[in-house]
Structures are given as C-alpha cells and as structure tokens.
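Before any questions on binding or motion, here is one chain by itself as structure tokens, the form predicted on its own.
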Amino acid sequence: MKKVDKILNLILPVLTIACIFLVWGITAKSVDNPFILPSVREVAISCGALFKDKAFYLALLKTLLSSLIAFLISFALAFLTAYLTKKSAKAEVILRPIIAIIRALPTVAVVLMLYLWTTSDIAPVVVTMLVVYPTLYQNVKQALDTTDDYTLEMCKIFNVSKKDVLLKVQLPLAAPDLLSAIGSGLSLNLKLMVAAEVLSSTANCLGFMLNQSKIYYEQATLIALVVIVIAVGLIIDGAFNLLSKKAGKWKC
C-alpha cells in the first residue's frame, strides 16, 4: 500500500501539471490571439529566448539578491521577536497590535509611499520585508513552541545555560518547522519582490522586464517570465521541504 501511495504521489502532480497545460493549450487555440493568450509553444520559445539573453540573468540575479536581503532582515526580526514573546508574555502583548497593523497594511499604498520616501531599489525590499514578517513571525513562534515545557524544566534543573538551551535544544527540535518556514518564506518573498518591483518601476530586474513586456504587448514573454518565477519559487520551496523532512528524520 505504501508503494502504491509513493507512486501516486509522483504521478498525480505530473498529471495535474499536464492538465493545466492541456487547458491552456485548448483555451489558447480557441482564443486564437497571441496578444490575449499565446500558445504553450510561443511561451516556450520566449523562455528559450530569455535564457539566451544576458540581461535576463542580470535581472534575475538582482531580483533574487533583493529578495534574499528582504528575507534575511524579516527572518532575523521574526526570530528575535518570536523568541522574546516566548520568554515574556508582556512582550507578546506589546507586539500583538504591531503585528496586526503590519498585517493590515495595504501593500500598494505602502509601495507608493516608500517610492516617495526612498528609491525604487529600496522600496521593494522594505515592502516585501514588511509583508512577509508577520507570517514568518507566526511560523517561527510555532516552531519554537515544539520544545515542550518538560524539556525546558529539565534544562533548568541541570543548570543548562540559556545559550545552550537555545542552540542545543530549541533550535535542533525546531529545525524541521524552521526549514519549512524558510522555504515557504523565500518563495513568498520572491513573488512579493517581483510585484513590488513592478509597482516601484525598479530598473534592471524581473519586475522591470514584466513592465516592458506589458508596455510592448509581448504577452508570450510576460507569461514566460511569470512561469520562470513560479518555477524558481517551487524549486526553493521544494528544496527546503526536503531538508525539513531530513531534519525531521534526524530528530526522530
């Protein structure tokens, strides 16, 4: 039964993707207008053209780097605040309304304000960091909560230092959930970064290339860029989920 489940787990995602492409192909054939919906073949040709273009790689590198910077800042803040709230109930009470306000911020309005206050390169990083932070905070907090009170009490009895409790007890136990949170966070970060770059009119990045494709009605290139962003996000998420599973086996 387990072998059948494993086979199905491999086949079903492939079938789902095949169905998506089939529906896309049929719809594109029915519309018969590449300016509205290009065919799968036309998008594949555009993908090939992008991979031969040096400017694409530079744009991808800039977007990935900006996304990584935003993620590292938001993750550091999320980890610090989650750790503080775990140690102090008062810290959680203080932080709760701040998290609620950040979560409720309208992304488009924040991008426009930051565009006026900063530069088109900095605005996407800040807005992505703000949007991702509440989700990361919640995920990190849940990951740290995997350490039960009994284990922490035993650490107190044996006079284990707070540093060792964090580095040798809490982090190893939270590793699977943290890795999963990092994967989903990085994937979300990338999508938000591209959207923020489009709104901020950031130069020489994936958002800029999407804007250019829209302006010049290069629909096939626009969809090709979207497909590439989705693929990169899935690869990142999948890689960290795999690491999470391995960390979970090690913990057991």
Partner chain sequence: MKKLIALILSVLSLATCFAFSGCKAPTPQTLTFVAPDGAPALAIAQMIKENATFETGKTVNYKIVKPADIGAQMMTGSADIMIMPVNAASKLYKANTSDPYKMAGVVTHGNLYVLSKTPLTVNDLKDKVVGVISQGAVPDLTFRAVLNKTQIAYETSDTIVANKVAIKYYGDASNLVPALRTEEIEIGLLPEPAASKLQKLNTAYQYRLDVQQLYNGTTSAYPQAVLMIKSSVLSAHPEIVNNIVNWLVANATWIKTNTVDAVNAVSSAVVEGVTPSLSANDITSSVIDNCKIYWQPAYDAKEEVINYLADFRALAPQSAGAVADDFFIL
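Positions refer to the first chain, counted from 1. As the structure is a computational prediction, the values presented were derived from the model and not from experiment.
Same protein, other form: the form predicted together with the partner chain, not shown, and the subject of what follows.
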Heavy atom within 4.5 Å of the partner chain in the predicted complex - the one residue of I69, L61, I45, A203 that qualifies: A203
Location of the partner chain contact in the predicted complex, chosen stretch of 61 to 69, 223 to 231, 184 to 192, 27 to 35 [non-hydrogen atom, 4.5 Å]: 27 to 35
is_contact(F51, the partner chain) in the predicted complex, heavy atom dist at most 4.5 Å: no
4.5 Å heavy atom contact, F208 to the partner chain in the predicted complex: yes
Any non-hydrogen atom of Y216 within 4.5 angstroms of the partner chain in the predicted complex: yes
Partner contact for Y115 in the predicted complex: the partner chain, 4.5 angstroms, heavy atom: yes
